[in-house]
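Starting off, we have a lone chain in the form predicted on its own, written out as structure tokens.
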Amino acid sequence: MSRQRRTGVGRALNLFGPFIGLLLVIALFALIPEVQGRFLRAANFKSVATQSVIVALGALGMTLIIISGGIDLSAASNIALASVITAYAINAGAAPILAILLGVLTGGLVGLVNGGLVTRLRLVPFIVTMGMMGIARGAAKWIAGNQKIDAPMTWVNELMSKSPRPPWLLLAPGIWIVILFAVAMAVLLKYTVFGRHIFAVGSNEATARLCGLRTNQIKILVYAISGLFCGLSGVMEFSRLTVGDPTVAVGLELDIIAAVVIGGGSLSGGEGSILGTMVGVLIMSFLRNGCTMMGWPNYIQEIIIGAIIIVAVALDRLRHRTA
């Protein structure tokens, strides 16, 4: 096979691979007699879409980070911290919109600190964000007094409602928020100078710096944007649970990273797309949904997701080696 043909095949697999994977997952559970009657119902698809919101928002920001050549292991802890801040603010009598703003900005602050430490101290993103994972989780437990924060019901709790009001919305407001931001991020990556700069930094940071790009500022901004998305995801977590729980989202960073990698993002940097990431999110959600319907315990789901991450990364390495 010629080099040009191999390149064409690789691009096709990168583009259509996530969609093929999604169809295979849906077909797998649709063919299992024990669950096919429930799995293919419109109500179940609606439920899966609602459950995907929290991971999807985190994955939007993670896509930017992975394309830029970084990684963020603190995403799940950041989500928990933002949910606690939102609940704490509402419980203290703050207006719901102010509580949402505080939750989102808290996430953005954590992301900004991550980006600052990675660039200014020239530390490895893996180490920095692993440390921040513990700091954010500990801060959430400290603020919440190591227990759940109950907050009065407000319109914030309707953001993740499966029966939205007004009914003409059809889907939970959180789903529409994900769609809106997904379109915005796709446009940012494909049609803006900043989007091209993110790809350039991830492809070869040294070359990008020699070309005059302010690589440190780009990386700081990428981590800050990702933090804002984690903050918004934390608000959705609070909306879903109706409490601020510092122990939620443990291990969710794996789902977020897996969604990006399955969707075509490369841990080597320089590759990824918002559409692919959203398909990856749906793959993860349908897998969890199908496993739950089958009555499989959580450790089976964790084994499957872990195996998927290994396979996705291995295929990415093989694709790069072939290219």
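The first residue of the sequence shown is number 1, and the count goes up from there. Just so we're on the same page, rigid core means the largest C-alpha set that superposes within 1.5 Å between forms. All of these numbers come straight from a predicted model, not from anything done at the bench.
Not on display, but discussed next: the form predicted in complex with a further copy of the same chain.
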| query | finding |
| --- | --- |
| Answer range among 222-230, 174-182, 104-112, 249-257 for contact with a further copy of the same chain, defined in the model of the complex as heavy atoms within 4.5 Å | 249-257 |
| Touches a further copy of the same chain in the model of the complex: A94 (any heavy atom, 4.5 Å) | no |
| Exercise: I100 in contact with a further copy of the same chain in the model of the complex, heavy atom 4.5 Å | no |
| Residue contact check: I300 to a further copy of the same chain in the model of the complex, 4.5 Å heavy atom | yes |
| Proximity of I309 to a further copy of the same chain in the model of the complex, heavy atoms at 4.5 Å | yes |
| Any residue of 135-152 that, in the model of the complex, places a heavy atom within 4.5 Å of a further copy of the same chain | I135, R137, G138, A139, K141, W142, N146 |
| CA of W296, rigid core aligned, shift of 2 Å or more between the shown form and the other one | yes |
| Residue pair N44, A312 - Cα distance in the model of the complex, closer or farther (3 Å or more) | closer |
